[in-house]
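Only one chain is shown below, in structure tokens, and it's the form predicted alone.
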């Protein structure tokens, strides 16, 4: 019977073509009309360590979260089987290379010792010799796993002989073996698969043909196994216009739509891909007019933020993009922008810290830092995005807020969104507005920091207006001034922007409430918690438990009045969910509202929060067994 949903792990060594597999399958699925979300997990090295892609595919909608166990494990190497065999559900499907059969656990140097010890203990408890052939037999005989053994070397030799490829060239086609196997098991058609390869390799038709041949050879082998368990039912999204994007891509698209004209960056994971995407569009054709988008890789993050500030002062919409260590270097520039009321957007992709930490893993532990970083007090806005479509729109909104209120805006995302591929509907361009704020072209009488209003009209460098900027406290003209009366007036003028923002931005842009109006369980979160939280409350409702989720989108200035009204109107278990040790949002809520009856669910392994473990944690807290749960699942 056809399936409405399939969960897949594709694993192998970093550099073995996993990104290609993920991208080609994503295009193929989107072309076929299936919704999907594809997360990439990898070590912080260039090549060799274990990496994997998790694909959740649906015929009914675009999935929002991931969960375990999975239906299919496609293993390019032996390490993937050892690492993920327990993630595979009973009666699932295993695809692997027969050359892995002789591999033993102790002969795989890339497995970290803690994991190796856990695997040895697990295999010993099952009475299995730590060898792939023995493990595969156990999976087949004791767990009902359908095993597909492929001859990777034979398939590559076939393509090598036909196209006269050397072994190194042929090895690049391993990803197509996996793509062919997965596409056949899912029942994806040939036209969609060819589209996927063509989309990924663009004009390189010879490469498309060769990859397709490898994939189709594999499909023929898979078809002989007559495994129909994973065939997908007809999709509901067929013929829909969709974008296939990562979180980095979504932000880049939003910035271009929003009028970005200058982007600075220093390469850092996971922020770098956003700027790499923008570099592809440095020449834009807008209604027949050629427009330049300048993207500059600077020598460090200090230069990145200061050059973006300089660009903003000339009147262009400018931004910079970074992660935790880079943001640390930007803080002095951030303070300067706050002092001088400069509209600047900092796109901040969080990863596991402290220090270098987990550079390729996700986190939400920089929440409080982004709100309070800097010396002295100055206004800034911190916004966050819960999914790819939100990220696109928020990238536009960040510019509007920055220019309207003349201050830095920090757009908080994380690795989970940055490196996850999904399909999203096309943005609604008709309902997008651009707000440039108050602008003047006054001459020599111009007071850049006029005290008559909270927002002083700004003029651009290069206009007729004469103005001064300094890192010191200043008067209305911009001249250095340490007079105490002026200090109070100027300092207060800047800080009152927070009150104005809180008053003018509508509640539905600050936070969104989903679910039951009288819940037994209320989840509260922000950022990429959104998808798994929405799925969790849906499951709870189906189980007869009234549940809701409060999704915070503007984190500073904190939407105190709105959040207070929600928390004081319900009598339920309130659980804050976050990728951090402290669950910092809970402390931020208490600090701003005084509300203390908050339970916490925390995950700081750098891996996503999976639906099954979130539901288990909610149940433990709901039953009164604990006030805080720490989640740990994931390789």
Partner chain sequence: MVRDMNFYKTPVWQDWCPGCGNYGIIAAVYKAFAELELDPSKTVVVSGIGCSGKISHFIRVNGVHTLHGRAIPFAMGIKIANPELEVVVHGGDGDLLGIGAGHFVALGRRNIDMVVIMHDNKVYGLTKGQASPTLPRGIKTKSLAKPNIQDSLNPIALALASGYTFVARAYAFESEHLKEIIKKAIKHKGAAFIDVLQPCVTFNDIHTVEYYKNRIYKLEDGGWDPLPREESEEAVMEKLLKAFEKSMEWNDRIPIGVFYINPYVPTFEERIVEKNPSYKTNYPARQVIDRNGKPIVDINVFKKLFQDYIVNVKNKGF
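What you are looking at is a predicted structure, and each value in this text was computed from that prediction instead of being measured. Residue numbers count along the first chain shown, from 1.
The following text describes the form predicted in complex with the partner chain, which does not appear among the structures shown.
- Residues within 4.5 angstroms of the partner chain in the predicted bound form, judged by any non-hydrogen atom, belong to 293 to 301 and to none of the other stretches in 134 to 142, 293 to 301, 362 to 370, 544 to 552.
- Although the partner is absent here, residue 327 is not a contact residue: none of its heavy atoms lies within 4.5 angstroms of the partner chain in the predicted bound form.
- Among heavy atoms of residue 30, some come within 4.5 Å of the partner chain in the predicted bound form.
- Although the partner is absent from this view, residue 34 contacts the partner chain in the predicted bound form, with a non-hydrogen atom inside 4.5 angstroms.
- Proximity of residue 355 to the partner chain in the predicted bound form falls outside the 4.5 Å heavy atom cutoff.
- Contact with the partner chain in the predicted bound form, judged by any heavy atom within 4.5 Å, is made by just one of 382, 155, 244, 505: 244.
- In summary, among the residues 117, 106, 189, 499, the only one with a non-hydrogen atom within 4.5 Å of the partner chain in the predicted bound form is 189.
- The partner is not shown here, but in the predicted bound form the stretch 314 to 335 reaches within 4.5 angstroms of the partner chain through a heavy atom at 314, 316, 317, 332, 333.
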